[in-house]
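First, one chain by itself: the form predicted on its own, in structure tokens.
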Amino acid sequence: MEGVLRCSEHDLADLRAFQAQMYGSGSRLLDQERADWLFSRHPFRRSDEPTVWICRRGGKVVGTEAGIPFDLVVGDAHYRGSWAVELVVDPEWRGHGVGAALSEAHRDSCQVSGFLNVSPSGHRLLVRRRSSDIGHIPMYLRLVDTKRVLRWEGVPRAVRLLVLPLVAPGLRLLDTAGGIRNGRTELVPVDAFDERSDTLWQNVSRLYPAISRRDATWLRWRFDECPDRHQYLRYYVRHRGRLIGYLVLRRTEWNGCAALSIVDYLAAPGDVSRLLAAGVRIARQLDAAVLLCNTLNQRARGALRLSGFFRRRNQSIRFFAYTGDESLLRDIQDPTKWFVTSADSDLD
């Protein structure tokens, strides 16, 4: 832990110089508005200082790690959580314990540490530091415009000839059935999340064994106040006049095709299929060829399959977690209990 401290206002100039050296001057990670929003204005932080740690050797910054706070709800209990992000060490100091010291400082600041999109070197460090390997957060893909996807030059000719006549009719049947089943489902565009989100959270959160708090406070910070807020499409979803969930989507690209990504969602497990059908409807309206969804949610796997989503086996995100609380360890080690989306950590 020698030389590791919480970054203060007096350290910011040295921190930015180090980050510019490590990332390059054009990196988005140097965007000050993004950094202030992510590490200084988070509603769940416990200090006025940024949730960033630095390591100095001989007075020089040689490494840094940041944390994005979250409130983990497990049953009736709440735990202080933090997603570890942006761990970087000067190449000259790698292998000298700097990364381990920064990771230790971050872990000491919370009750549960989460690690997503782990690199091979990060994987080795986390295994040595006794973190639990939760597994993978899958990417699910739903074809919306099958013909356009199959025109992608990377698709083998045999697949084009087989998939189009087999898959396209099945997807049309799914869409027709979903339209009939969800005919009374209404999408309500959202400019800013409001107290309806709190009601939804109170009604739904107890149905998921391990989930980070997604109330109005968090949603406003995460989507309404972020530097990229204009890129998010936000909706409340109502069924037969009752609020059943919300959807947050973002335009993206997949293999050269226009795509739409489900960044975040929340609904009772029995209503997830209606949210997915609403997402497909939006994708068609926006002329997206595919709909993507990164999520770890055991209770939604059946809804994803029945809605025509399939898992991309080679496109998933490694997930680790750590806690020093032995009574909590069994819960966080079980991947079937977690609810995670692209809105967690800095995946999106």
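Treat the numbers as computed from the prediction; the structure is a model and nothing was measured. Each residue number is its position in the shown sequence, starting from 1.
Only in words, not in the display: the form predicted together with a small molecule, which the text now covers.
Participant: Out of the stretches listed (260 to 268, 125 to 133, 197 to 205, 222 to 230), which one is close to the small molecule in the predicted bound form, meaning heavy atoms within 4.5 Å?
Facilitator: Going by heavy atoms within 4.5 Å, the stretch is 125 to 133.
Participant: In the predicted bound form, does Gly245 have a heavy atom within 4.5 Å of the small molecule?
Facilitator: Because no heavy atom of Gly245 falls inside 4.5 Å of the small molecule in the predicted bound form, the answer is no.
Participant: Please tell me whether any heavy atom belonging to Pro189 falls inside 4.5 Å of a heavy atom of the small molecule, as the geometry stands in the predicted bound form.
Facilitator: Pro189 lies outside the contact set for the small molecule.
Participant: Quick check on Val118: any heavy atom within 4.5 Å of the small molecule in the predicted bound form?
Facilitator: Taking the distances in the predicted bound form, the answer for Val118 is yes, it comes within 4.5 Å of the small molecule.
Participant: Within 4.5 Å, heavy atoms only: does Pro209 come near the small molecule in the predicted bound form?
Facilitator: No.
Participant: Could you work out which of Arg251, Arg213, Arg94, Arg238 is the residue within 4.5 angstroms of the small molecule in the predicted bound form, going by heavy atoms?
Facilitator: None of the others qualify; the residue that does is Arg94.
Participant: Just give me the single entry in Met139, Leu143, Leu87, Ala278 that has a non-hydrogen atom within 4.5 angstroms of the small molecule in the predicted bound form.
Facilitator: Answer to the contact question: Leu87.
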